[in-house]
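For reference, the chain that follows is the form predicted on its own, supplied as structure tokens.
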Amino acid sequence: MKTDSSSSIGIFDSGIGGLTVAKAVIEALPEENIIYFGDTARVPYGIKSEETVRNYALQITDFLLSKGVKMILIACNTVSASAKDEIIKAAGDIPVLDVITSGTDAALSGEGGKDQIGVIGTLATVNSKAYVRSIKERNNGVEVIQQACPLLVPLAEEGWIDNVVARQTLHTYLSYFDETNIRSLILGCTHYPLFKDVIAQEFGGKKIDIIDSAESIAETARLKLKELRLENSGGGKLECYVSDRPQRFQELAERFLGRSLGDVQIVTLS
């Protein structure tokens, strides 16, 4: 399908977490049309095998391509770690950006990314060592310290962002970094920026550069569209699709985005 400047940017994640990317893109590129897909029937991805994640990701890629998107943003660290190359191949001439590359670039360009960089993510992302490889490829002298935080995704999906359970869970996970000298912490899951304020509070007075790859990937998308001369000048429409629970998704999405959505449509993938 031929694309042009009015074509949409496709963004996808396993659930609501990728809305952090959608929100950042809306703020950076308010004239762009966006198609968002949340695989709410099969969330979370972080506990599934790489083969399963790749199959899911390619199904979603096919759906976005069928909608004629001009760019695909992988708003899921687990997919970025497991299926980026396959998605790039499937997309052909359509540019594909991912949050791991964006997060790495942001961490290394900041003041804190010189000696030790911390990463929190799902089990799948941490076990894949995708951030370790990405960071080491750019600066082999940086030590990467990872911690899996598998309970944060279901907490985010339930909207439990700043309560006793969320705070205690984060305190337990982040205490892993107490004996380190990290000055940058990559939020290695697009759900995790929802906890950004609580995470900052957990580090107290310690100066930590918290890396939100959503902001970075939005800026990368802006520059890429400008390079390709595919910037839109009169859009701003957001379409949302899910594989299950559209009402629940809409409730959480509107609360997070601070705006009302049109009908959230169900798509059955195969």
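Numbers follow the displayed sequence, beginning with 1. Computed from a predicted structure; not experimentally measured.
The form predicted in complex with a further copy of the same chain exists for this protein as well; it is not shown, and the discussion that follows is about that form.
Novice: Quick one: does residue 139 come within 4.5 Å of a further copy of the same chain in the model of the complex, counting heavy atoms only?
Specialist: No, residue 139 sits far enough from a further copy of the same chain in the model of the complex that none of its heavy atoms falls within 4.5 Å.
Novice: Would you check, heavy atoms only and a 4.5 Å threshold, whether residue 155 touches a further copy of the same chain in the model of the complex?
Specialist: Output for residue 155 is yes: heavy atoms within 4.5 Å of a further copy of the same chain.
Novice: Do residue 54 and a further copy of the same chain share at least one heavy atom pair within 4.5 Å in the model of the complex?
Specialist: Answer no; every heavy atom of residue 54 is more than 4.5 Å from a further copy of the same chain in the model of the complex.
Novice: Verify the contact flag for residue 248: yes if a non-hydrogen atom of it lies within 4.5 Å of a non-hydrogen atom of a further copy of the same chain in the model of the complex, no if not.
Specialist: Output for residue 248 is yes: heavy atoms within 4.5 Å of a further copy of the same chain.
Novice: Which residue among 180, 109, 175, 168 has a heavy atom within 4.5 angstroms of a further copy of the same chain in the model of the complex?
Specialist: Residue within 4.5 Å of the partner: 168.
Novice: Heavy atom within 4.5 Å of a further copy of the same chain in the model of the complex: which of 239, 202, 212, 244 fits that? Just give me the one.
Specialist: In short, 244.
Novice: State yes only if every one of 29, 34 and 225 has a non-hydrogen atom within 4.5 Å of a further copy of the same chain in the model of the complex; otherwise state no.
Specialist: Checking in the model of the complex: none of 29, 34 and 225 is within 4.5 Å of a further copy of the same chain.
Novice: I need the one stretch from 213-221, 62-70, 39-47, 226-234 whose residues put non-hydrogen atoms within 4.5 angstroms of a further copy of the same chain in the model of the complex.
Specialist: Every other range fails; the passing one is 39-47.
Novice: Any residue of 127-164 with a heavy atom within 4.5 Å of a further copy of the same chain in the model of the complex counts; write them all down in order.
Specialist: Read in sequence order, the residues that approach a further copy of the same chain (within 4.5 Å, in the model of the complex) are 150, 151, 154, 155, 158, 160, 164.
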